[in-house]
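Alright, here's a single protein chain in two forms, structure 1 and structure 2, each given by itself as structure tokens.
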Structure 1
């Protein structure tokens, strides 16, 4: 079953690439607007042999990783503090609900003014966008803590820190991991967007340059690279999630038996 699924998936990819080659060749769309897949592949090859491409890739990944790391640590700390402090949750709820849907791209003009095309303006957008994903998940996760476990820990005289460490954190971890996975994808989108719009160095800026200089196959090649990057981020985040939660399923399994 699985083997045939994989074969079908590969066939689907092949059809996708063939369509990408055939549609412009047959003149169904303008070749200047949508070059055949072969020409995109050639452009991709020449990008890969260009050192400027690799440094742009490095810039994008730096902005992504740094922003994600800041957002995740800030989100986890803020989420735990808000959850364990009495009343803080109720007091902050409305503010969080208000700030969360504010589109991070609204901050682009501010980022440009404050930091120009530096890494910091990318980070401003990435951190703002990714922070809420993590924070909300942490808040949901902490709410899921079993009250009996919490009371038990309390009656055994566990201190606040030990309760966070042994009761709250294991319960919240699956939620946190989902938050990290969502944040990783959002962070990549915002990193590339910031480069594209602001012109901070990175893949996004390279796409903008390719577009303005009418280098259409190069532009498509770079877009393919961002897609592959997004795919790797998703796959990587899922792998991390599975690893971090390996104990979780096994514990559940034992209880069920």
Structure 2
């Protein structure tokens, strides 16, 4: 089953590449605006041999990883504290619903004002966007805890920490991992966006430079790199999720299929 899915995915990519080569060659679009896939591949090879490219890639991954780690840690802690503290969820509900829909890109002027083009500007946007993905999932996960299990744990004299560890956490963990997977993708999007708009060092800034200098094949090559990064992030997050939830029924069923 997995081999068949991989083959179909590879076939889809091959068709996409062929279309990318054929459409500009046939004159359906201007090659100056959308170069053939072959020219993009050549530009990609040139990028891969450039040390500046690898430095930019490292900057992007640094902002993504640090921002994701901060967002996940803060989201899990805040979600658990809000959920287990009496009345705190009700008190914070309106504030969360007000802040959560604010697009992270709307904070770009604030980030530039506070930190300029430093890494901290990227982290501000990444953490803000990824934090809500984790927090909301944790809140839903804790809400899903079986009240009977909670009361049974209390009747056996388990303290707050023991109940969190043995009752709350196993129930909330599938939700947490979903939040981490979503946050990983969002964090990468915001890292590249921040670099592109603010000019912070990274792949986004390199894409902006290629665009302004009319290096169109190089621009598309860098966009391809960001797409590959997104794919690897998603695959890696799913692998971590399957490993962390190997005991869970959904993962056991997925493996069995």
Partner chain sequence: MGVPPGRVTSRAWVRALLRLVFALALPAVLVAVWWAASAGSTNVYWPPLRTVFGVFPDVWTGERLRGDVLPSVLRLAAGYTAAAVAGVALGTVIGSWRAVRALCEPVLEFLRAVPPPVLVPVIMLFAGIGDTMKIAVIASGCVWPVLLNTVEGVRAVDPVLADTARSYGITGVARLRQVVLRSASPQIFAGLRQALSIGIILMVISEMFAASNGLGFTVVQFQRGFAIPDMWTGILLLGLLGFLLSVLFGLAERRVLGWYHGLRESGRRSP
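In this text, the rigid core denotes the largest set of C-alpha atoms whose superposition between the two forms falls within 1.5 Å. Just so we're clear, the structure is a prediction, and the values are computed from it rather than from any experiment. Numbering follows the first chain given and starts at 1.
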- Specify the structure that is the form predicted alone; exactly one of the two qualifies. 2
- Please say whether, between structure 1 and structure 2, the C-alpha of residue 239 moves by 2 Å or more once the core is aligned. no
- Distance the CA of residue 12 travels between structure 1 and structure 2 [rigid core superposed, Å]: 2.4
